[in-house]
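In structure tokens, the next block holds one chain alone, the form predicted alone.
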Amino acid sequence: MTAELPLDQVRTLLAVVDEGTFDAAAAALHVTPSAVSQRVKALEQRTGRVLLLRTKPVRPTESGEVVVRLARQLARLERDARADLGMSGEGEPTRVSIAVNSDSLSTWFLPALARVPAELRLCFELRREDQDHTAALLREGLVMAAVTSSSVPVAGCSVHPLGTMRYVAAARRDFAGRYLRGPVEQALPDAPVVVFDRRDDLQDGFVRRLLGGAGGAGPLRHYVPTSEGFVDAVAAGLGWGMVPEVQAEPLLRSGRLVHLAPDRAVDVPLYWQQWKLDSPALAAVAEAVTRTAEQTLRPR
């Protein structure tokens, strides 16, 4: 016999995760903390899984993430149904949460969102994360869609290829003259380097490819965790870095930056993943994103 997941229990679990504590969830739901605790325990007994880690704030387990994602999808469907029935509050916008990497956000993604029809009254909530990690936010049910480097669909999601973002190794001309004399594969491992954050492996990966799989970029590293700031740091001569081609081109043409390895580039494939929901809001965003990506990114 198939066990059902009572909606009040599912919504209660989501409230606990969003609010961070049982007491805060009780206040948000206008029930007692005891009722919240009983609903969560009943849901855990029904599923036969521990769904929450009782930390401060509470965190969902892997099984809990599945239920949280279900709860958010149900809420999305309910809002769409209310809108179709004319039951939404007058002028009430529809929130669409999306995870997107910084380089896309700084280059082509915002123009994509601007193409979504204004009459849909969508309210975008963007979460910036590295393209290798945006899928995790989908998996946890924290966003409805994501620009990601993963072609493997998250459970309950569809995936669509967007194109390729190309990165080129570049540096300021006088920086190259000072630090990068001789073969680039010998000079780069010792030169100062600009890195986005501690998850950024583009520079190390580029050097490893030049060296046949060993080593990495140099130990003198400047961490600059914004896309615009990263490019500005390279252009200012703080170090070399892997710059998105679309941002590097005008600086290369003007002579502010120089190619360090013109015949070597790093291509990062990007994909659009979203919940498998028949949602007009998500459909409109997906169409705008894929159309803009086709016009901006390199083909796969």
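The first residue of the sequence shown is number 1, and the count goes up from there. Predicted model only: the values in this text are computed from it and were never measured.
Same protein, other form: the form predicted in complex with another copy of the chain, not shown, and the subject of what follows.
**Student:** Quick one: which of 155 to 163, 126 to 134, 180 to 188, 71 to 79 gets within 4.5 Å of another copy of the chain in the predicted complex, going by heavy atoms?
**Tutor:** It is the stretch 126 to 134.
**Student:** With the partner left out here, check for me: in the predicted complex, does some heavy atom of R221 sit within 4.5 Å of another copy of the chain?
**Tutor:** Yes, R221 is a contact residue.
**Student:** Please check if S151 has a heavy atom lying within 4.5 Å of any heavy atom of another copy of the chain in the predicted complex.
**Tutor:** Because no heavy atom of S151 falls inside 4.5 Å of another copy of the chain in the predicted complex, the answer is no.
**Student:** Would you check, heavy atoms only and a 4.5 Å threshold, whether R209 touches another copy of the chain in the predicted complex?
**Tutor:** So R209 does not count as contacting another copy of the chain.
**Student:** Wondering, does G216 line up within 4.5 Å of another copy of the chain in the predicted complex on heavy atoms?
**Tutor:** Outside the cut-off, so no.
**Student:** At 4.5 angstroms, heavy atoms only, are R198, T226 and A236 all close to another copy of the chain in the predicted complex?
**Tutor:** Per the other structure, all of R198, T226 and A236 touch another copy of the chain.
**Student:** Let me know the one among R264, R59, R49, H259 whose heavy atoms come within 4.5 Å of another copy of the chain in the predicted complex, would you?
**Tutor:** Partner contact (heavy atom, 4.5 Å) among the options: R59.
**Student:** Note that another copy of the chain is not shown here; using its position in the predicted complex, name the residues of 99 to 122 with a heavy atom within 4.5 Å of it, in sequence order.
**Tutor:** Sequence-ordered list: L105, S106, L110, L113, A114, A118, R121, L122.
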